[in-house]
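Given as structure tokens, the chain that follows is alone and in the form predicted alone.
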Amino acid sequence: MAGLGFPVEEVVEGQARVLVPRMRDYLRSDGVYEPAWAPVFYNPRMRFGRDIAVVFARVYRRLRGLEELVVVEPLAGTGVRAVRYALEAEARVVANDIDPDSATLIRVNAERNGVSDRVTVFNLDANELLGGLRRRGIRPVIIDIDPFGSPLPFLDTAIEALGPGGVVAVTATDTAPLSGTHPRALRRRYEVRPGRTAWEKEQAVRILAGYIIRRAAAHEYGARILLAYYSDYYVRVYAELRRGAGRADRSLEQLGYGVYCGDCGYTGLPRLQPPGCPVCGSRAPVVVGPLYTGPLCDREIVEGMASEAERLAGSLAEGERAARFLSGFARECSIEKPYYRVDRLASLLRVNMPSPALLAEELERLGYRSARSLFDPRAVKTEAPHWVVLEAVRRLSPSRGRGPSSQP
């Protein structure tokens, strides 16, 4: 293509038809496309995440009664997300990338899809763009930060760029530190006491959400988590920010610590660091934090998104998956207690693992809100006390055994 020094190909994603670097030119030795090797970044594995972003934008605009939706994407790559926001959410989009080839490709893709009038393209450093939005008279409703790696270098500037308020939609692909696999990196980047729980994917989500709350409070913004989830290899958090010292103080009250006891399987989110396990008395539970301890969604928004995704399923890139995910997440995301790995509990009790679906049904029958978890196919989220969960696992197991006491 004229103006670019590399071959391109067309891909169809949602309602968009965009040009991207020819993917077969950037294959690893195992034949898998490696987006980081391409001259302009395009990751087909993020189609699902972009579906969720478009659905969120549509529902958020409707529920907030916004006449115009302005989205800023400071790390736009090929522009596929920006074009989809313009096409599928009828947004006015500011798309930016520091790479001149990327800026050229965004302009081409906006023109090919007939949204050049709604996609304004910049070729700047991401923080330079964000820092200059007010000067240019741009008042974003959503700032979408989707980097390759950690979002931390862009978060403070994005928060300040929101003005009175709006939403920061933040992706993090540094899941190894967030889940506790790399504890030193976790401490350095996110300023938390590191550890690794049995619910490491939810841990990753809650650490990122908590960090956003803390950074927002430092700029005197209160933060409300509207949607926070883990999918494939990344964490994604949508946080609504509103300026005000009082709001910031109230947001900080949502922070606490994650606790996991390897001796009895207890999991919890106390506001203060505990001296030991509150169930079995172990003096060495895993304690991680500070992190976010509240619900992982706004129920109204996620239920609205589930209905919208089901209605739009045929026009989204992975519409059926998006509809299933949002419907399932609406059932579990308001249960604040972290998920239980049923296989871990069965191992501690020395019994065979019961079906997570049956366990969730049994806990519901006992009167406790419970659901299969989308974080892990072996997991259940429930509000039931720990000893009730242990008794249910033991009772439902195909075999019985002797393990740690299940009484408080």
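The structure displayed is predicted, hence computed values, not measured ones. The numbering used is simple: start at 1 and walk along the sequence shown.
We do not show the form predicted together with a small molecule, though everything after this point is about it.
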| query | finding |
| --- | --- |
| Partner-proximal stretch of 211-219, 111-119, 97-105, 269-277 relative to the small molecule in the predicted bound form, 4.5 angstroms, heavy atom | 97-105 |
| Non-hydrogen atom contact Phe154 with the small molecule in the predicted bound form at 4.5 angstroms | yes |
| Phe41 within 4.5 Å of the small molecule in the predicted bound form, heavy atoms | yes |
| Arg50, heavy atom within 4.5 angstroms of the small molecule in the predicted bound form | yes |
| Any non-hydrogen atom of Glu202 within 4.5 angstroms of the small molecule in the predicted bound form | no |
| Listed residue that, although the small molecule is not shown, lies within 4.5 Å of it in the predicted bound form (heavy atoms), from Asp146, Glu308, Glu332, Glu88 | Asp146 |
| In the predicted bound form, the one of Leu326, Leu130, Ala239, Ala76 near the small molecule [non-hydrogen atom within 4.5 angstroms] | Ala76 |
